[in-house]
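Next comes just one chain, in structure tokens: the form predicted alone.
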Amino acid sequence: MSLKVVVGIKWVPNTQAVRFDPKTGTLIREGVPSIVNPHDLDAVELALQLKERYGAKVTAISMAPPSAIKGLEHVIGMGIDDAILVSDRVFAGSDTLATSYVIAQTLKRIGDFDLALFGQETIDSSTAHIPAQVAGWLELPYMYYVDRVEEVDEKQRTVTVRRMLEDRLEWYQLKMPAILGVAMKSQKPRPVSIYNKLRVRMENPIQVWSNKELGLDPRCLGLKGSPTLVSKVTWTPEVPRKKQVIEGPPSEAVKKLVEKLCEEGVLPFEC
């Protein structure tokens, strides 16, 4: 029996390019490029390691607008076998509860999987809710902050993982199928290969599922299925740069720089 792995990714706005409208306090999304959530790439890399070690078949899933096809093409370019984009207007406005419900139902429809991997959190919200909530919907074992899969025993239907905490490492054995939250910055995601990029064009390995395929109750989706309410949004105004240039020999330039920093009061000691 071949190991079957599913990895979830999110198509997110590049937070380095995000700006806020000071009047409304909302994100200005127009013209902001999107990327694969960087922390999800840790999960993608770990899934690909399982593919290399155990001959696993790896499927990526993403609940997102149609533009997220580019993100799925990117991870297929890294080596993912195929992908499913779950996309429907009825999903718009979903909070983590509604999102995790849709993802859980997607995994149910996929059916026979052994492990589902997710990044620890996303750069656009940092809730870290999704993998735990998906495990809750499916009533499956769940482990977070995983940085290594030590062993998969397909006969015993178990997976042994290492969890990385701030002050220690821990090892756990879980029954499969199981949900894993992969620790951020625990892997070094591999680059996209030309061969795998060509697969996207030649084999068309991406399916698109709408709610027509999933058949979910609209009352549980999107804004209707999202109990989270945002009561206030705060934003940090941009601080204009002074663009001062300090010239001269290194020793004199450093002295002038320290004097300037002292004047600004930003040094952690008295000048």
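What you see is a predicted model, and the numbers here were worked out from it, not measured in a lab. Start at 1 with the first residue shown and count on from there.
The discussion below concerns the form predicted together with a small molecule, not included here.
Colleague: Could you tell me which of 151-159, 191-199, 165-173, 95-103 sits within 4.5 Å of the small molecule in the model of the complex, going by non-hydrogen atoms?
Modeller: The contacting stretch here is 95-103.
Colleague: Name the single residue among 221, 61, 68, 50 that comes within 4.5 Å of the small molecule in the model of the complex, judging by heavy atoms.
Modeller: Contact residue from the list: 61.
Colleague: From the list 110, 123, 90, 138, which entry has a heavy atom within 4.5 Å of the small molecule in the model of the complex?
Modeller: When the small molecule is considered in the model of the complex, the option within 4.5 Å is 123.
Colleague: Residue 228 versus the small molecule, in the model of the complex: is there a non-hydrogen atom within 4.5 Å?
Modeller: Yes, residue 228 sits close enough to the small molecule in the model of the complex that at least one of its heavy atoms falls within 4.5 Å.
Colleague: Does the small molecule get within 4.5 angstroms of any non-hydrogen atom of residue 76 in the model of the complex?
Modeller: Although the small molecule is absent here, residue 76 would stay clear of it in the model of the complex, with no heavy atoms inside 4.5 Å.
Colleague: Is residue 115 part of the interface with the small molecule in the model of the complex - any heavy atom within 4.5 Å?
Modeller: Looking in the model of the complex, residue contacts with the small molecule do not include residue 115, since no heavy atom lies within 4.5 Å.
Colleague: Can residue 183 be called a contact residue for the small molecule in the model of the complex at 4.5 Å between heavy atoms?
Modeller: Heavy-atom contact with the small molecule at 4.5 Å: absent for residue 183.
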